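Shown here is one chain on its own, the form predicted on its own, set out as structure tokens.
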Amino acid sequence: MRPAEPRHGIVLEQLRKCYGPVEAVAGIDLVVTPGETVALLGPNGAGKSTTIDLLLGLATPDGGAVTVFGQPPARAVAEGRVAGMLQTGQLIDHLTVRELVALAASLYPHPRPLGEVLEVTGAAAFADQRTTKLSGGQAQRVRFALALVADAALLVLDEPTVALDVEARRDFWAAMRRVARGGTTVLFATHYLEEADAYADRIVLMAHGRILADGPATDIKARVGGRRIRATLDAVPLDELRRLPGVSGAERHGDAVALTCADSDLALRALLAAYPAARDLEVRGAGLEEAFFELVAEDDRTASGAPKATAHR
């Protein structure tokens, strides 16, 4: 069995990492307490993968400090407290899936039972297949099994559901929920915003190597002002809709229109008064996707005064 959970989780203090002139991680501070499930979001080049490399001891900081359960990352990894599932890295050729996961289990002081890991990750169905014969989705399941078999206190996952179809993604997160309920700390980077919204206790949004927002998805969505009205409305020019009181923007998707509102109550009354044929009305707050793009765009505008270089990762 895994030792008792440590009191300290992940602590990043003014963490920096540069690749030539590019500051991939620009002095970030972050604390993740044991047992949290945290999503790391950001556009390409935001610094997510570099941050994960620093957490796993795969890269050395150029400034600041990182500790994992009160220890340097390399020591925490060596003690089996940390396991990672990365985008990169090839599976060892010619072994069967079962042999490969068993080999990984032998490297840890208190691994999970092999059969349980294969079953939970969905790899049991092809456990006797050789790694050279796996599809992309199957290989991703094996990477998950290699991380899970460690029974580590911290799981670090970099784009864990890439190459998985919708059903496999659902199964993956069902497995992750079971793991998290057991007290495992989970930090994952993803481009699937709906996954972060649905499964993370907390979201950390990065851009240009900095943290733009940190908190529950509801708090991040609340940072974006205004609400959205959707309705089915035929043949009305968007310019007319944009001139309605309380409306700040309008888009059309087929027969449906989407209005961005500074005052949704005023806009809704004006819409129905001007176009009583409007139907299928929906009013909702900003979603995580809208918040993500608006906060990143705001940061881009702030940073536009300085020359930009392409980030390393």
Partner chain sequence: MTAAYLHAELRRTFRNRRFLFFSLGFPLVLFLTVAGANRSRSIEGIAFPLYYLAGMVSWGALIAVISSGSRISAERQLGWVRQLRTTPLRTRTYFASKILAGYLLALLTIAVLDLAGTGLGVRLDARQWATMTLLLLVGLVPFAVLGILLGHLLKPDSLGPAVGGTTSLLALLSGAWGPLSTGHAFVEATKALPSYWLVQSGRVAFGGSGWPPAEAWLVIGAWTLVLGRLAVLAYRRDTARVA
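Computed from a predicted structure; not experimentally measured. Residue numbers count along the first chain shown, from 1.
Keep in mind that the form predicted together with its partner chain is missing from the display, and what follows is about it.
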Inset, instruction - Look at the stretches 81 to 89, 202 to 210, 232 to 240, 183 to 191 and give the one with heavy atoms within 4.5 Å of its partner chain in the predicted bound form. - result: 81 to 89
Inset, instruction - Indicate whether its partner chain has at least one heavy atom within 4.5 Å of a heavy atom of L56 in the predicted bound form. - result: yes
Inset, instruction - Although its partner chain is absent from this view, report whether V166 comes within 4.5 Å of it in the predicted bound form, heavy atoms only. - result: no
Inset, instruction - Examine A124 and determine whether its closest non-hydrogen atom to its partner chain in the predicted bound form is within 4.5 angstroms. - result: no
Legend entry - 4.5 Å heavy atom contact, W173 to its partner chain in the predicted bound form: no
Inset, instruction - Identify whether its partner chain in the predicted bound form is within 4.5 Å of every residue in the set V77, E99 and R130, based on non-hydrogen atoms. - result: yes
Inset, instruction - Counting non-hydrogen atoms within 4.5 angstroms of its partner chain in the predicted bound form, say which of V162, L95, A198, A139 makes the cut. - result: L95
